[in-house]
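Have a look below at one chain only, the form predicted alone, in structure tokens format.
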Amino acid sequence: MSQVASSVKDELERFLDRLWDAAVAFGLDPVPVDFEIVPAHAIYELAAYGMPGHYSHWIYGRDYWRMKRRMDSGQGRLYEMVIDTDPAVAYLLDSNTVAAQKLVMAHVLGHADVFKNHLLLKDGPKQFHHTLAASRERFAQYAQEYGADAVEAVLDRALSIQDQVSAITPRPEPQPRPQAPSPYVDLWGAEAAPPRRRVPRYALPTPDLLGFLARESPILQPWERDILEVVRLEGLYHAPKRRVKILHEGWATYCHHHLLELMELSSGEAIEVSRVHAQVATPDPLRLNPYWFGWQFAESLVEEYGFKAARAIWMEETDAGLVRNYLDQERMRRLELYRYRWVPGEVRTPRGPLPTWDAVYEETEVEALRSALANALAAGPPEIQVVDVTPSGVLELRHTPDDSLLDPEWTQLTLEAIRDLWGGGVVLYDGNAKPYRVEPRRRG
């Protein structure tokens, strides 16, 4: 720990030793954690960039200022930021009270348990921050050699499709080598050769759009391909974490709630811990609070199956899988889950009637609610597959049917970014809708 009074530092380090022993005895198996106490601006920066040592881009500065304005205006509070590395690194806000720091440290051990043991995360790249740090140095060199605007333009386009990635990149079957032309072709004549077709090294179709462009684009320079590969690796790093947000926060909340019951806290600390816990894990009447929802779901599983079996379930499921497989009528009541529909209305004022919208409760069968919630939690970025490359060099894409609707304006802008990375025309087929097309850029 750093940037904190030595007396507080010593107290927290002693607490951490006892907390770790309590976590292991409780049944957790967390990855080791390095704790650092940092000021608010550092927390905002880490949250905006997602990881220390990250390369620079204007969108991260935008996210930093948005977060800073929101937090400074009292619309929320970031108590900590934890990074999935080995050891994990947790950054604690320096304005937290000592009691709040203790709660956050217990919360982080729950995250660390998920990092180490969840099926989707345990074999992930635990040293990815070193990859990003090395990439930042290379990107800085590219900016000096090719210009900062050129580097930023490639990053703009790559980041627009960072979610269109896949770790599965099959190779096509080897093609037979073409026969050498006859030495007498000039005597006997030959039919006109068909247009040369550029055969990709990727097996098609593939959902790994960004990887396909990085390796198959005929116009990119090596440094541009490097940028695309780095952005792709980062997309792959974050993809599984999107599927376990509720599991992550719910387990961390469950752990801090029970671990702090095992620790010796003063009466003042116990009151402060209860206040912070209530502030974080409170049900929202109209939205799903992942801290509350995950915590109460974990409690119900432990009550039904016992801690060891419930933890095993937790470390194998996704958010959507947890709901689909374990949400029953009893848990639906416990979690206070309902469906609402928005009904238009109006309220009278001295200046005349004003339109309003009221949330009206609807009776919902558990199966319907379970299916709707699981589908919502499973929803992710649209899957765009690379289908083919035509003889004339047009890149053909397809939006796979997943019930998501593409925004026409965003789609067109994104296809223009893909066109600039590919160097030719692009067409996107979206079910029965009219295809989206962008033509090659005119030269000169």
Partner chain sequence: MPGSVSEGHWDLAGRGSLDQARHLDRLREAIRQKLPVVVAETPLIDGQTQKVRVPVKVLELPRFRPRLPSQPEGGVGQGPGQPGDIIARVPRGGPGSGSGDRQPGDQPGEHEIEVELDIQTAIAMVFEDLQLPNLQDREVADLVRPRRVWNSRRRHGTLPTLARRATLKEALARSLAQGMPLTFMPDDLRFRAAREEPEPVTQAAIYLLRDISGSMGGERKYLSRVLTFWIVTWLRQQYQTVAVEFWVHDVGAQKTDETQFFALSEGGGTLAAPAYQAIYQYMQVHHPAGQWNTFVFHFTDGDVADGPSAVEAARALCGSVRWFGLVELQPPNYFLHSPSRLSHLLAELPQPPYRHVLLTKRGDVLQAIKMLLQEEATA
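Fair warning: this is a prediction, and the values are worked out from it, not measured in the lab. Residue numbers count along the first chain shown, from 1.
Same protein, other form: the form predicted together with the partner chain, not shown, and the subject of what follows.
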query: 4.5 Å heavy atom contact, V360 and the partner chain in the predicted complex; finding: yes
query: Contact test in the predicted complex: L395 vs the partner chain, heavy atoms, 4.5 Å; finding: no
query: S300 within 4.5 Å of the partner chain in the predicted complex, heavy atoms; finding: no
query: 4.5 Å heavy atom contact, R419 and the partner chain in the predicted complex; finding: no
query: Partner-facing stretch of 270-278, 256-264, 231-239, 149-157, counted where any non-hydrogen atom is within 4.5 angstroms of the partner chain in the predicted complex; finding: 149-157
query: Site test, H54, L335 and T414 vs the partner chain in the predicted complex, non-hydrogen atom cutoff 4.5 Å; finding: yes
query: The partner chain: the contacting residue among I227, L103, V114, L209 in the predicted complex [heavy atom, 4.5 Å]; finding: L209
query: Partner-contacting position among L322, L213, I161, V82 - heavy atom within 4.5 Å of the partner chain in the predicted complex; finding: I161
query: Contacts with the partner chain in the predicted complex, stretch 366-394 (heavy atom within 4.5 Å); finding: L369, L373, P382, I384
